[in-house]
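The chain below stands alone, shown as structure tokens; this is the form predicted alone.
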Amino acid sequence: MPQIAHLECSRCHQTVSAETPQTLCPNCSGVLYVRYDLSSARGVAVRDRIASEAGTAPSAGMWRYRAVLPSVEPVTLGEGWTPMLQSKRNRNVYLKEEGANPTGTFKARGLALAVTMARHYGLKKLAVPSAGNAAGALAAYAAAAGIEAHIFMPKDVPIANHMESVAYGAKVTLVDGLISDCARIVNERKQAEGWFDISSLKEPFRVEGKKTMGYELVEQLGWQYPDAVFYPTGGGVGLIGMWKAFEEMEQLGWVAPGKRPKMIAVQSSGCAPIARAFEEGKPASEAWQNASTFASGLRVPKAYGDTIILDICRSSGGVALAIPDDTIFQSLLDWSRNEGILLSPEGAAATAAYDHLLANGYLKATDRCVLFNTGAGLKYADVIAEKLGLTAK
């Protein structure tokens, strides 16, 4: 496992020591990236050893990529190495099923790494604002690590998110508002309460957990890039993490030189700050007013890493787009009834976006595409039931 060389600001490129816990760049408040001494991981021999060693702890799951992760003892519940499911109707479409993770969503990856480092640093209290799924993941990993978790989330999150957070023993506060209101409360109280803020992109290690999605999808495709990656984008940490993974793999010689995939950031038309900024050619988004969508993970009025996300979409030749909730729900039913997969609403945004870009000619049916289902549909049982007109007995 590599040693961390330093942390590097994504904006001003100032370096910061990783010897003590860090949040944002002390110079410009930019997002900090973890930089390693990767000399021992270069070459295809190291890459190929990953598959041969997988299955022995801690190689299983996302920790199979320990050659590009911090050299610490992991807090793990078996996260990562999720299925890559080939569509029955288009063999060039692959669904990355993140619902197979612990706590049922992709959030397990980022929180596993962030909590691992929190334990390494000796932190005792962690706090997070969440649209729902990060709350459950933090609660689970904090329980596994013996760390106190303080969670703030909108009061109308899916009941599964509230239930699991309470069951894991977290201290939960439901807020009459959006995730932005939750973030404000954490920021206002964290110093007095002694909380370490583990919000998306406010610390450097959630990106490290999420980057393993990039390593996985490339390995699962035979160490080749797809033509496009569709990613449901609220905070966008996964999209940022995957782009970092692609950069690292190229530096390591793990992938052949070539064009990276088009990165497709997908939002709901009820909360689409990044899609609107992309369409208007702006470098940053403006906070979305009156955000409303049944895809709760996409209800993020302004992502902290919006400028990074927009830059990735543009530099990859990709796009950021918004899909109406009704279209998202129809895609959810379509995949349930024709593929046997109950998507999360966020995942259905990705599948709906694929259909849209195929129909308008942006993509061809021969393009190899990876669509992320970021969570298990059953975590949204109450939301989907309401859409279907079902009521509890």
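If you're wondering where the values come from, they're calculated on a predicted model, not measured in any experiment. Numbering starts at 1 and follows the sequence shown.
Although it is not shown, the form predicted together with a further copy of the same chain is what the next lines describe.
At a distance of at most 4.5 angstroms from a further copy of the same chain in the predicted bound form, all three residues 78, 88 and 379 contribute at least one non-hydrogen atom. Interface residue remark: residue 227 is not counted as part of the site for a further copy of the same chain in the predicted bound form, having no heavy atom within 4.5 Å. Not displayed here, a further copy of the same chain is approached by residue 55 to within 4.5 Å at the level of heavy atoms in the predicted bound form.
Interface membership of residue 237, defined by any non-hydrogen atom within 4.5 Å of a further copy of the same chain in the predicted bound form, is ruled out. Under a 4.5 angstroms non-hydrogen atom cutoff, a further copy of the same chain in the predicted bound form lacks residue 197 among its neighbouring residues. Site annotation in the predicted bound form: the residue of 123, 252, 143, 175 reaching within 4.5 Å of a further copy of the same chain with a heavy atom is 143.
Interface residue among 186, 157, 271, 117, judged by heavy atoms within 4.5 Å of a further copy of the same chain in the predicted bound form: 157. Only one segment in the set 109 to 117, 79 to 87, 300 to 308, 228 to 236 has residues whose heavy atoms sit within 4.5 Å of a further copy of the same chain in the predicted bound form; it is 79 to 87. Taking a further copy of the same chain as positioned in the predicted bound form, the residues of 155 to 177 that bring a heavy atom within 4.5 Å of it are, in sequence order, 155, 156, 157, 158, 159, 160, 162, 163, 164, 166, 167, 168, 169.
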